[in-house]
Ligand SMILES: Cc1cc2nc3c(=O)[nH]c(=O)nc-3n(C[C@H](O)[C@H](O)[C@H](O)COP(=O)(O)O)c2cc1C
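Quick heads-up: it's one chain on its own, the form predicted alone, in structure tokens.
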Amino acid sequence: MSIAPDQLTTPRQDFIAAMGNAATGVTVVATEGPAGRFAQTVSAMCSVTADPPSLLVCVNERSPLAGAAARNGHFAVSVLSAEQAHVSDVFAGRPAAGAPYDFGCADWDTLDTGSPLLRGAAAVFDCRLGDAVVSGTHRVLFGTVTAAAVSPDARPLVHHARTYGTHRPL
């Protein structure tokens, strides 16, 4: 499909539809400390640099996680495995059963910072907050990674076109 430059538009609904066609990993970002224990499903996560190891996540300003992670000074990122779609739904506020944002839906561990990390996740990153920048409706949290681990047998959960899936090599 070819799109002519005069056909490109940027209204909000077109932007949302186009972003819905981008496959993303699914993560749960969590923090725990004096500002409280909070977690949120987040699809906007990416590496920033390997030297020093750092990443960023984008969290809606309305989420209590945004302010708590900034005040606690640390957060953890769990890259969900294909078997953890229910955890994504719980921390997106739409559980099939039980309460939204309920940490009881899964088992958790901690590493350096004390922020909660999901057991069985495809990968985990424990981060100290490097910077926080507000952009539009979201707060971009930059984290310096203090510890990371991979579950080599776990298949990561992927979100595309409002559905879950997983990666399959071509």
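Quick note: we count residues from 1 along the sequence shown, nothing fancier. Note that the structure is a prediction, hence the values are computed from the model and not measured.
Another form, the form predicted in complex with the named molecule, is not on view; read the next lines as being about it.
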Considering the named molecule in the predicted bound form, find the one stretch among 126 to 134, 113 to 121, 141 to 149, 33 to 41 with heavy atoms no farther than 4.5 Å from it. 33 to 41
Taking any heavy atom pair closer than or equal to 4.5 Å as contact, tell me whether residue 71 reaches the named molecule in the predicted bound form. no
Contact test in the predicted bound form: residue 82 vs the named molecule, heavy atoms, 4.5 Å: no
Using 4.5 Å between non-hydrogen atoms, is residue 59 touching the named molecule in the predicted bound form? yes
Any of the heavy atoms of residue 91 lying within 4.5 Å of the named molecule in the predicted bound form? yes
Residue by residue through 143 to 159, tell me which have a non-hydrogen atom within 4.5 angstroms of the named molecule in the predicted bound form. 159
